[in-house]
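Next up: just one chain, as structure tokens, the form predicted on its own.
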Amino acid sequence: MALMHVDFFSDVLGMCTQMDVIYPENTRGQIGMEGVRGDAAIKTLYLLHGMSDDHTIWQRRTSIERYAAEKGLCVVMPTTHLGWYTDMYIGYDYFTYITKELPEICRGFFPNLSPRREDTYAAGLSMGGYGALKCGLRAGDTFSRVASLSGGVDAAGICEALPRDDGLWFDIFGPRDKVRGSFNDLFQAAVDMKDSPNRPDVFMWCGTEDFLYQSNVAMRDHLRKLGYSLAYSETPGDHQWKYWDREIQNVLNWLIPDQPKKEEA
């Protein structure tokens, strides 16, 4: 696998920004890892970070490069600061950037990436779990499969729990009593997308001791009631990387199942 640190300009954000890209290559002489890359267009996973993190965090806390090598998968890890993958009420248009501009930029930089919806995925943890589900539920024409690990899936609930409108959350979502039912409400997004031919397949995991567990259970039940294709699991655990490192492997196996090996004649 090749690891690229990319500094580039975003017209949507109006500033220079960064992403790290894990790009597949055929490798046979690399000790301890063999890369896989066929002649077909390359599938892409946009892997999103949480609130305290940036585009480097998945490499620093997991073995994502090694996991992706076995799948022949390109992994794009952008930075989005604390924007919650929204077109902020006061701030930057991170949702438009992630769902429209960034895939175009990546396909321009790396022409072997597949432009097909069926080959384009999003996943993330915590804030990034919210972002990944939003990619599927509000931009299903681009993303066919999305995965949330310990996702902050209830933006309306988070905002309504605040004592007043001020600070970061107001800049992101606007008035706290206006979030429920809005474009940024994933529960509403799931309703709006339920009959669309671009309705995504969804993977969710959350630890049963996680402070976000109850909202994840609520989203699980909501998606099931609406008829979504949902792979859901929960295990003991809270909000930390030892669980996300394990579960991102399950996400990749869900996205690209291992093919049975052919027996030699």
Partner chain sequence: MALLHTGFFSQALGMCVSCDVILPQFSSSLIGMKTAAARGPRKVLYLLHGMSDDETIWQRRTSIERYAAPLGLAVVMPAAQISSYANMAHGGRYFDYIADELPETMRGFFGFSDRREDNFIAGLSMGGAGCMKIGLARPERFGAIGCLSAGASNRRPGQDADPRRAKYNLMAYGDGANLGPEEDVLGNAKKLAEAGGPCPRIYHACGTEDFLLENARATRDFFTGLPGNPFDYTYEEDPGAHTWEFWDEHIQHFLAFLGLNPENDVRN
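On a predicted model such as this, the values are computed, not experimentally measured, just so you know. Positions refer to the first chain, counted from 1.
Another form exists, predicted together with its partner chain; not displayed. Remarks below refer to it.
Stretch 102-110 is the contacting one of 102-110, 177-185, 70-78, 154-162, since its residues have non-hydrogen atoms within 4.5 Å of its partner chain in the model of the complex. This chain is drawn without its partner chain; in the model of the complex, the residue among Thr235, Gln30, Thr56, Asn198 with a heavy atom within 4.5 Å of it is Gln30. In the model of the complex, its partner chain sits within 4.5 Å of a heavy atom of Asn26. Taking non-hydrogen atoms only, Trp241 never approaches its partner chain to within 4.5 angstroms in the model of the complex.
For Asp7, a non-hydrogen atom is located within 4.5 Å of its partner chain in the model of the complex, even though that partner is not displayed.
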